[in-house]
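Presented below, as C-alpha cells, is a lone chain in the form predicted on its own.
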C-alpha cells in the first residue's frame, strides 16, 4: 500500500472511531436514563460504522473492538431490563426493526445472548436462529467479524453436558451443529476474501487473510472444549465435517492453517484413534500446501503422547500407527511430485523420530523408513542443498542418539545407502559423528562383518571419494579426522584370535586404500592392534598353509611386514623403522628368531637407504640400540652381526658428539644383566675407549673452530658409563681406569677458559656419587675405596 493509501486509511479509521464514539456517547446517555428506544437507535447508528468497506482487516479489527466494548455495556443494560420485567422475547423482536442488516444482526446476537441466559427459550433454538440469520451478511470481512462476535457471546451458553443450558438428550449434538455451521460459514467467507479485488494485490490479500485466521480457528477451539464431544462423536461427526470443509475449500492458506488447528486443539488420543481419517485427507489437499510441516507436527504430538506413559503404547500397536503414517507419507510424496527433496527428507526424519520413540525395539521399522528415503533419493545426484543435507544428517544421527550403540545402526541395511547421498564434506562429518558415538559409549565392534559395515559408513575418512583431493581440507582438520580413525581401530576387538585376525585383515584392506597422506595415521594403530593379538597368542606357532589355518604369530608377522612396507609409498622411513623394531621385540617375546632378524634387517635397510637427515639418524640408531639390547632370542652369530652393524653405524654419524654418545650406548649391547652369556667385558671396554677417542677428537675440533676446548660433558657421560659397568662387576673396568678418567676431566676443566655450569654440576654430582658409595661401606664401598676424588 502506498503512503497515500495508508494516510487515507488512517483518516477513514479516525472518522469511523469518531462516529462510533459520538453515537456511543448518546447511547450511554439513553442507557443512564433507561430510555430503551434511544438506546437502540444510537447503538444501531454506532454499529453502522462497521458497515465500512474501506478499512484493511487490521484497521477494521481496531474499530470492531471499540464497538465490542460498547456492546458489552448494552448487553448489561438488556440484562437489567430483563430483571426489571421487560419481556426478552419482545426485545428480541424489537431489535429486528433496525434499518440496516449489520447493526440489526449485532443487536440480535447481543439480545440473543441475554435471551439464552434467561432460559425463556431452549438455547439450541436461539442459537440456530442466530446462525441462520447471520447468513444475511455475505461481505467477507464484515461477515467474519459478525460471526466471530456470535461465537464470542455464545461460547459459554452452548447446550453442553453439565452446562446450565443443557436440554434433552441430543443437545450436545445441537451445540456441535451450531459451532460447525458457524465454522463452515466463516471459512467460506475467509476463503472468498482471496477472490475479491485485483490480481496484483493478491499477496497483500493473503497477508490480510493470514491476520484473520484465528477468527476461524477459534471455532475449532470451542469444539474441542465441548465436554459432550467424546471420541465417538469426534470420529463420526466432528472430524469428517471439519475435514470435508478443509478439503472442499481448495485454498492453500486455509487448508494448511486448519489442518494445523485440528492437530493442535484436539486431544492426542483422538488423533491416534482417527489416524486413518486424518491422514486420508492429506493427499487431497492442494499440492502447494506445506503438508510436511503438518504431518511433522502430528507425528511430534503422537511421539510425545507415546513418551508420556508406557500404558498408551499398546494403543499405537492396536491402530497400526506406524504403517498408517508410513503409507500416508508415501502417498503425499507421490501426490506432490514437485515436493523438494528437503520436504520429503523432513517427513522421513519426523517418521523416524516417531518410530524411535514409539517402537524403539522395531529395527525393521527404522530400516523401512531409511529405505523409503533411499528410494526417494535414488536417481538424484549427490545432495548439494544445505537444508536437505542437514535433514539427512538428522535422519542418520537419530538412531545413533537413540540406541547409543553403533552396532545397532550397523544392522540397518539402508543406513550406508542414505549416507551415499551426502556430499563428500558432510559424509566426512557424519563419519566423525559415528566415530564419536563409538568413543563416547565405549562400544567395541567384535565381528569382521560389522567392521566391514562400519568402514563402509566411514569410507569418507578412509579414502578419497570420487576424486576429491585431501589437499582441499585444512591440515589441522585432516589430522583430527585421521586421529579419530586411529582411535577407532583400537575399539575393534574380539577375544577369539580367529575372529580378531579377520577384523585385522578387514581393517588392513580398507586403510591401505587411504593413500600416502593417511597411512602414517592409520597404519600404527593397526600394527599395535595386531601386536596385541600376537602377545595373546604368544608361544603358538605353525606352518602357514592356505587361508583356513588358525591364527598364529608367524602368520600375523607376515601380514605386519607387508603392512609396514606400504609406508614406503608415503614415504615415512622413521615411522616404518619404529614399527619394524616394535615387531622385532614382539617376535623376540614369541621366540621367533628368524622373524625378529628379518624385522631388524628391514630396519637397517631403511636406515641405510631412506634416513638421510642427521637428527633422524641419531634418533634411529638409539632406537635400534635400545631394542637390540632387550633382545634375547638371537644366537651368537645373528647377535654379532646386528651389534656389529649398530656399532658401525654409530661411529659413522655426522657429528662427533653424536658419534660418541651412540658408541658408548653400544657398550650395553655387550653386557646384559638379566641374560647369561652376553657379558663381554672386553668389547664393553673397547666401546668405551672408542667413545673416549671420539670425545677427545670432538674436544680438539672445538678447540680449532672456537678457540677453546669446549665442554667436558662427553667425558663426564663416559665416566658415568665406566661407573655403571664397574658396579656391575665388569673385570675390564678397573678403579685405575676410572681414576685416570677423573684426572683427565679435572685437567680439561682447569685448562678450559670458558666454564659450563651444566658440565661442572654434572661432574660434581658424579664425584659426590663416588664419595657416597665409599662412605656406604660393604662390598661396594671396598671397590670404590681405591678411587681418589
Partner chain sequence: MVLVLALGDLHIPHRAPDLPAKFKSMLVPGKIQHIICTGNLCIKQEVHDYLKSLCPDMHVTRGEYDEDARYPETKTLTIGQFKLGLCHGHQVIPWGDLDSLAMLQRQLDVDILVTGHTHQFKAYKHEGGVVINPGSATGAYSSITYDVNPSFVLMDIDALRVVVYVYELIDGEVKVDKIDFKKTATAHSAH
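Numbering follows the first chain given and starts at 1. Please read all numbers here as calculations on a predicted model, not as lab measurements.
Another form exists, predicted together with its partner chain; not displayed. Remarks below refer to it.
You can rule out all but one of 716-724, 741-749, 40-48, 57-65: in the predicted bound form, only 716-724 has residues with a heavy atom within 4.5 Å of its partner chain. Residues 194, 277 and 367 are none of them found to lie within 4.5 Å of its partner chain in the predicted bound form, as judged by heavy atom distances. Proximity to its partner chain in the predicted bound form, defined as a heavy atom within 4.5 Å, singles out one entry of 83, 644, 615, 509, which is 615. When its partner chain is considered in the predicted bound form, only one residue from 372, 491, 363, 220 comes within 4.5 Å through any heavy atom, namely 491.
At the 4.5 Å threshold, heavy atoms of residue 480 reach its partner chain in the predicted bound form.
For residue 416, no non-hydrogen atom is located within 4.5 Å of its partner chain in the predicted bound form, even though that partner is not displayed. Within this chain, residue 594 is remote from the site of its partner chain in the predicted bound form, having no heavy atom within 4.5 Å. In the predicted bound form, its partner chain sits beyond 4.5 Å of every heavy atom of residue 350. Heavy atoms closer than or equal to 4.5 Å to its partner chain in the predicted bound form belong, across 602-633, to the residues 615, 619, 622, 623, 625, 626, 627, 629, 630, ordered by sequence position.
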